[in-house]
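As a starting point, one isolated chain is supplied in structure tokens, in the form predicted alone.
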């Protein structure tokens, strides 16, 4: 087949998603900035994109932003990692064992539908304001997407594959390692996209209530000082991290499971 038979995508077509997303953000920021050309500006109640940008650059140059993010990253890694391990294991068991599912489904549904953020002060009281307390809040908020997605993944496993393994003398361990876990992986990755956002909310909530350092504490402190440009700069940094993590997970999903693209 000649090269002429293969249509080549232009740069615009190839990166349409990124370009359209960036254009939407640029229009939003331009509109935000333009509003203050006709509306009186009071920096005690709102800030402007140009001031937020200057504050962001200042926080980066001074090292304060990176220090706060590094502090907040420790409990996030602990809490999120525990959510992955516990959530996936529990979800697989619930999906494979009907009795376990019948017993735990109501409890899991109640906790998932409840405003778990409201439990943050109680967690802080019991576990303190250090890494452990914040990690537990992140774990509680992040674990349920893994549980429910892993459970759904097990229930979607092709029963023909299970019957084939059993007919060939496969053990329960073979079923888990060779059929269930590989089939559930795409569901786990999809659940991770939801869990990342909930985990970031958890770190902010934990540091809002009781902390002396971290990105959540910085946001609350700047808000109390009416330094809204710095407060929005910290919020913007969290938003960028959320987008990077979510898109990173999507890229990993497309790379590992290309047949699921578009699903």
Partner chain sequence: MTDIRALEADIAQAADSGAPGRSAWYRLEPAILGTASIAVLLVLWEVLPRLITMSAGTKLFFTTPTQIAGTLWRLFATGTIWTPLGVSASGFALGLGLSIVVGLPLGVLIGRSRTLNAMLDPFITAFNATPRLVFLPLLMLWFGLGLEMKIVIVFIGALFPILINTYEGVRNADKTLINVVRSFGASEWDVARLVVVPNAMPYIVAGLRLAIGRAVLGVVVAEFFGSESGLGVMMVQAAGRYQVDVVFSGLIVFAALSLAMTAMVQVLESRLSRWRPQRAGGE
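Definition used throughout: the rigid core is the maximal C-alpha set that superposes within 1.5 Å between two forms. Numbering follows the first chain given and starts at 1. Being a predicted model, the structure only gives us computed values, none of them experimental.
Note that the form predicted in complex with the partner chain isn't included here; everything after this is about it.
- The three marked residues, 73, 81 and 169, fail to reach the partner chain in the predicted complex, with no heavy atom of any inside 4.5 Å.
- Put simply, of 61, 38, 30, 44 only one has a heavy atom within 4.5 Å of the partner chain in the predicted complex, and it is 44.
- Mapping the unseen interface onto this chain, residue 173 falls outside it, with no heavy atom inside 4.5 Å of the partner chain in the predicted complex.
- The closest heavy atom approach of residue 188 to the partner chain in the predicted complex falls outside 4.5 Å.
- Proximity of residue 121 to the partner chain in the predicted complex: non-hydrogen atoms within 4.5 Å are present.
- The partner chain is not shown here, and in the predicted complex it never comes within 4.5 Å of any heavy atom of residue 140.
- In short, of 73-81, 121-129, 86-94, 176-184 it is 121-129 that has heavy atoms within 4.5 Å of the partner chain in the predicted complex.
- Residues from 231-251 that approach the partner chain in the predicted complex with a non-hydrogen atom closer than or equal to 4.5 Å are 231, 232, 235, 238, 239, 242, 243, 246, 247, in the order they occur in the chain.
- A movement of the C-alpha atom of residue 190 falling short of 2 angstroms is seen between the shown form and the other one when the two forms are aligned on their rigid core.
- Once both forms are fitted on their core, a CA shift of 2 Å or more is seen for residue 29 between the shown form and the other one.
- For residue 140, the Cα coordinates differ by under 2 angstroms between the shown form and the other one after the core has been superposed.
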